[in-house]
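This document starts with one chain, in the form predicted alone, laid out as structure tokens.
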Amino acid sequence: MSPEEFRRQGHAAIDWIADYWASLDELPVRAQVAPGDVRRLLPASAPEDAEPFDAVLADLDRVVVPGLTHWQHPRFFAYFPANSSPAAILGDLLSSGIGAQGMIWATSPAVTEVEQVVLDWFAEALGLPAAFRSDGPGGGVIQDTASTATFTALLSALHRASGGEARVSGVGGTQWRVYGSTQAHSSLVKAAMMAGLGEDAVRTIAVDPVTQAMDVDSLRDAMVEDVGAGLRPVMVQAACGSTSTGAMDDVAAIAEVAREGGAWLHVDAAWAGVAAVCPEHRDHLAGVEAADSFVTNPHKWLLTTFDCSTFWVRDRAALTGALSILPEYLRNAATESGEVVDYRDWHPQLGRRFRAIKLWAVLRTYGLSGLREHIRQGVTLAEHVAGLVASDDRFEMVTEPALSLVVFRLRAGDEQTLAAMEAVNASGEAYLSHTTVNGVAAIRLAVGSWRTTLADVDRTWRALQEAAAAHG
């Protein structure tokens, strides 16, 4: 592809994205295809001869779009938002165009140093402790997802607790214990599996039936019991915004228990942590200054294209001690000087993209004031949903609203609740997800797209009311 052709097709690709966004309001939110429908539209083998890029763009419309669930749709309320704002997309495009590998400082100094500065900016914007800054004992790094961040935190915790033996001889005969509430993300169990501890190493702690937050007394009792049985606590995970209901664990109280047991404290604020750009939405992070590590995902609610998961540690020595390895082909004077950070030591992967550009673009083009406005709009819309639930006797709240997440149900029962939700989803009008809370089914409505308006929320609510009339 010549430079002129690249320029022409680049404009065409941007035009396609803009047209796609413009068309979303009229498209069904959830994909309306059966298993195998998309596959049958594709040839069995790759083309022998080159095809023009125009053909690829044409097949986006013919093959791909009908088989998409549209995460950028203004009435996508399932799971959590996965924003792709214009600034972030352009930042990601620039990263792809530069195509640099940033595994060590020497391979592209700007990749490392821009990331350090951007994460320092972001840590300050969230009100995180100074120890998490790059000029302190810790620092931040952009991971792909919070799942990788949790795995990395566990490896760091094992390194510290084992005095470095875990990376040399494995987990050995020590019976390690990892703790999280019954509402903790499934990535905690997966981290234990990947670290060689096994699923049974994770002890789930009961939650308050009303708030769904971890019962701190139960955590303390579990750790005392485990130590008495010869087991060794290694990490506690606190959830600041659980996936199911947005539950907020008491970080400060959990930190005290973790410290008593000599365990690493990892704070998972994957979805809700970004809300701390607003000073009035920082209460759920109270106590984070005692955490050993912290993760939140700008690629959810903060307008930054996936993947961009920001992860900080209080003491980078445990992190790099667990993961640092220096083969001869990576040796260089800058690394050996000790004056630079080599991010290959901060996560399981060696190769790494220039992810910081898209977050840099978002922070600069929206400004902190624009980001606060976006977060506040999501919270306001969620409060509006809670008011709609309260105004209709057929519905009831299951938990209190958590920032931009609302969890509610039909009073008629589980079957009717799930049937009404599925009717809305199947219609393509909106897309919602569900959970169970204290054994009962509930609908989750998570606001957060930059394209969602009050009219989109009201339109979705009318669809739910009609479904409730049909299934209630």
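Numbering starts at 1 and runs along the sequence shown. Just so it is clear, the model here is predicted, and its values are computed rather than measured.
Beyond the structure shown, there is the form predicted in complex with a further copy of the same chain, which is absent from this document and is the topic of what follows.
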Checklist entry - Does Thr436 reach a further copy of the same chain in the predicted bound form, with heavy atoms at most 4.5 Å apart? => result yes
Checklist entry - Any of the heavy atoms of Asp200 lying within 4.5 Å of a further copy of the same chain in the predicted bound form? => result yes
Next on the checklist: Using a 4.5 angstroms cut-off on non-hydrogen atoms, would Asp59 count as touching a further copy of the same chain in the predicted bound form?
Outcome noted: yes
Next on the checklist: Just checking whether Val33 would be counted as a contact of a further copy of the same chain in the predicted bound form - the rule being heavy atoms within 4.5 angstroms.
Outcome noted: yes
Checklist entry - Among 380-388, 208-216, 279-287, 361-369, which stretch has residues with heavy atoms no more than 4.5 Å from a further copy of the same chain in the predicted bound form? => result 361-369
Item to check | Candidate from Val189, Ala318, Ile375, Val257 lying within 4.5 Å of a further copy of the same chain in the predicted bound form - any heavy atom | outcome: Val189
Checklist entry - Which residue, Ala131, Leu93, Ala253, Val227, has a heavy atom that falls within 4.5 Å of a further copy of the same chain in the predicted bound form? => result Leu93
Next on the checklist: Please determine whether each residue of Arg220, Trp264 and Thr460 possesses a non-hydrogen atom within 4.5 angstroms of a further copy of the same chain in the predicted bound form.
Outcome noted: no
Checklist entry - Does anything in 168-195 come within 4.5 Å of a further copy of the same chain in the predicted bound form by heavy atoms, and if so which residues, in order? => result Val168, Ser169, Gly170, Val171, Gly172, His185, Ser186, Val189, Lys190, Met193, Met194, Ala195
